[in-house]
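Let's start with one chain on its own, the form predicted on its own, as structure tokens.
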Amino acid sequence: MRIGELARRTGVPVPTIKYYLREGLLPAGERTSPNQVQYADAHVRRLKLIRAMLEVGGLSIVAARDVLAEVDSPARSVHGMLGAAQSAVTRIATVRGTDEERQKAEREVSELVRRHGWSAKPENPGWRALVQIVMTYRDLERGDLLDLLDGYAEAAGGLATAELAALAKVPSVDGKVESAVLGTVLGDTAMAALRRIAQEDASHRIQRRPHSA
């Protein structure tokens, strides 16, 4: 198909498709003449994946390009894709603090990981982000919020197990790689959305409770 048909089938405007081509998100089509390029169904699928990451997952062009580079790598693996997707969706802010405060936060995160029996390394982007969160809670003197982390961890552990079990059922390597990307990028967005819905429900339930005499 030509680029116009590709645009019609995906709903992505031609100028946007050309932008994705320039940025390296979308592979080039097959040039059949000096002025004509043909695109295949694989380009339709890639464009849908790009839109999902950018528009729903909220990734930047740079982050999406990094993830897609891993997708296209000959040495790709599902484990590697999970790492690339995690790095893309994890925002790690720089929090001011002393070395002592950072080391204390590192120890707290390490202990949390140990309590839940997880096999993970401090290089994990989630680990580093959690250290920053712990430092911020401490700086704001909100130890009560730190008490919620074990509950978050229990929910996250169950979810991760379910996600990997679903991933194992995908038959093809391509499907597993795509699932790893979508499960991480869109999964974060889905969990944030579900949490907001659940918070509204929990708030209504608390408000409906009869006041004790």
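Quick note: we count residues from 1 along the sequence shown, nothing fancier. Not measured: the values here are computed from a predicted model.
Not on display, but discussed next: the form predicted together with a further copy of the same chain.
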Identify whether a further copy of the same chain in the predicted complex is within 4.5 Å of every residue in the set Pro15, Val37 and Ile61, based on non-hydrogen atoms. no
a further copy of the same chain contact at Gly187 in the predicted complex, heavy atom, 4.5 Å: yes
a further copy of the same chain contact at Glu178 in the predicted complex, heavy atom, 4.5 Å: yes
Though only this chain appears here, would Ser119 touch a further copy of the same chain in the predicted complex if you measure heavy atom gaps against 4.5 Å? yes
Is Lys104 close to a further copy of the same chain in the predicted complex, meaning a heavy atom pair under 4.5 Å apart or at it? no
Using a 4.5 Å cut-off on heavy atoms, what residues in 191-205 are near a further copy of the same chain in the predicted complex? Met191, Ala192, Ala193, Leu194, Arg195, Arg196, Ile197, Ala198, Gln199, Glu200, Asp201, Ala202, Ser203, His204, Arg205
